[in-house]
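Consider the single chain below, provided in structure tokens and representing the form predicted alone.
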Amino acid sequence: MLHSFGSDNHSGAAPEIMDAIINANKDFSEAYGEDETTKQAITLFKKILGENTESFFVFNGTGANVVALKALTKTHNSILCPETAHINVDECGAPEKATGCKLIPLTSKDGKVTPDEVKKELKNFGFQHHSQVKVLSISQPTELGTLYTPQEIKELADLMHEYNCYLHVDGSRISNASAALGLPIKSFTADAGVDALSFGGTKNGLLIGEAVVFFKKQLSEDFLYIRKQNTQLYSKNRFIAAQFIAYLKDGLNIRLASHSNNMAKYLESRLKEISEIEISRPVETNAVFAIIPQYLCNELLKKHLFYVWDEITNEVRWMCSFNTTKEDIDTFVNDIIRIVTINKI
């Protein structure tokens, strides 16, 4: 098939990651994270995110979100999130089923929530007839590819802490955020008051595995049991850990993410040549959202894979990956121009 703009999950694994897996596939090693490779990866997380961090490996992004949120809540709690959040839209109710908590979606702009919007739901504490708010979960970048500044995240964290609540960050594309902001991940997570982070990698070159990071040790006290009970403990964990070592130790994650971000900006620049296309969201990471004519969408989908984000407005999402090339984008845009030109005849 041609290059897919449907999702950065459609890309393969980076060569450096495959090499790391092959190199880990030697001799025997203790299982369930008791191996030396896992210990080295955890030490590396401490180096990058702070000595107080506690990191754990899981299979996938939904699993990371579910077990992180479960560690922060009890079943009578509720979890606030933007209406566009992955946990609200794309996880088939898993967070609610696994945590027993009520999800409360908040009005957002370009995927971001403000303290004023959050504060509307910080109420009814101690009232036994209402679920008790305990966590705000945001995505960085958002599901619309936009970014919170470190100060914006700090304001949300401070607000939640004021009410004895927590801030969780879904960081499935956290390296794209770091690359776009030009800041280390620690500066807008640990340093900004974030309590827990789902640290993603499979959208940016990893083959399998994500990490859950807690920035306060006491929050992870029961996590080993929560992870096991929720089927997110991998027996041969060294293969996940080896990927993260290769991913983080020399900044590979940022190089891969920078490339996908740059490709999105290049795609945006090419699309601006076409009057029939309206860029509908700020292009801040590796996602380009656009509103396009129905005829163009129909014809383009015959040859290229991508998703319609909003069927009412015909807004589409085009994702760039670590292995997207300018040639891929030029081929895609040239097909758009061809379809538009034919339609005008």
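Only a predicted model underlies this, so the values are computations on that prediction, with no experimental measurement involved. The first residue of the shown sequence is 1; numbering continues from there.
Note that the form predicted together with a further copy of the same chain isn't included here; everything after this is about it.
Taking a 4.5 Å heavy atom cutoff to a further copy of the same chain in the predicted bound form, the contact residue among 128, 164, 151, 275 is 128. Note on contacts: among 117, 158, 250, 222, the single residue with a heavy atom within 4.5 Å of a further copy of the same chain in the predicted bound form is 222. Exactly one of the stretches 102-110, 265-273, 192-200, 177-185 approaches a further copy of the same chain in the predicted bound form with heavy atoms within 4.5 Å, and it is 102-110.
In the predicted bound form, a further copy of the same chain lies within 4.5 Å of some heavy atom of residue 59. Residue 307 belongs to the set of residues with a heavy atom inside 4.5 Å of a further copy of the same chain in the predicted bound form. Remark: residue 292 does not count among the residues lining a further copy of the same chain in the predicted bound form, judged by a heavy atom distance of 4.5 Å or less.
Using a 4.5 angstroms limit between non-hydrogen atoms, residue 51 is distant from a further copy of the same chain in the predicted bound form. Of the residues in 187-214, those that come within 4.5 Å of a further copy of the same chain in the predicted bound form through at least one heavy atom are, in sequence order, 202, 205, 206, 207, 208.
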